[in-house]
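Before any questions on how it binds or moves, here is one chain, the form predicted alone, in structure tokens.
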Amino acid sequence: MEIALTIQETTKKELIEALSWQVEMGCDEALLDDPTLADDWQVSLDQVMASNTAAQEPVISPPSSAQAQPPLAQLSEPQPQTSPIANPPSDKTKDSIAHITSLSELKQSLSDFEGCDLKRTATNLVFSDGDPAARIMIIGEAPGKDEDRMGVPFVGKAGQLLDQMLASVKLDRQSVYIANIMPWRPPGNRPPTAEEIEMMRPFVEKHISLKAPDIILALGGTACKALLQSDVGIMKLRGKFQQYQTITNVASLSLPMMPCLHPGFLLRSPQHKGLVFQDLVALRRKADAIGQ
């Protein structure tokens, strides 16, 4: 698609709005190493994709005997050396929050925590919603734009669908407890990195330990992988109860956990709603059986 406007015809406000829209859609990385000049800004998508493909998939041919061999330093760059961390940051964080005995104290500790860069780009801390005494704890991935603005998990379009999902098995926000793996919104709604998840793991484990639910509903692949510390995909995990296990500073914890598709995924792929309904029915039956 060609862009008809020129730089002179485009107002500063329109450019800002366009950039804001791209960031909200998750387009927060440059396609080219250098910015294009004003006269060349209408570079075609084919050119961009061709340059990316050429950069990512170089064609390498075996050198002939006549070819001069490059110096060894040019053949490979030195790789950074990695070594096990004797006292990783997550362990230090776990020790620092070991004394916490209430959800309100944990929320304050998260509010005071300065170790995660996401806090600097987020508007609000998103801690939890629902009934702290509920037997079912729902854990999602990370806040989105609406959640970041309001400081409450699952209040956007995905949250509205979650409400409908809960209603299908006669549950609501007042009968469950809702939290996320990440308490701050990643920029552009990107998925949290493995480092960010690991950094916040002590808080998540402490949150579950203090809440002490009977059962966990994990929404989406990121939440499931973080809680189970597994690389198995959500499509293979869903529909079958898993066992969430962790060892805190106080005691070990083992709870049944139902992996489930994220409502945000269902907004894009509504044909999977039937699978989610089956998982929620199994969750409700399991929770009722535990509570008897």
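All residue numbers are counted from 1 along the displayed sequence. If you're wondering where the values come from, they're calculated on a predicted model, not measured in any experiment.
Quick note: we don't show the form predicted in complex with a small molecule, though the next part is all about it.
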| property | result |
| --- | --- |
| Contact stretch among 129 to 137, 142 to 150, 195 to 203, 164 to 172 - heavy atom within 4.5 Å of the small molecule in the model of the complex | 142 to 150 |
| Exercise: Trp184 in contact with the small molecule in the model of the complex, heavy atom 4.5 Å | no |
| The small molecule contact in the model of the complex: His262, any heavy atom under 4.5 Å | yes |
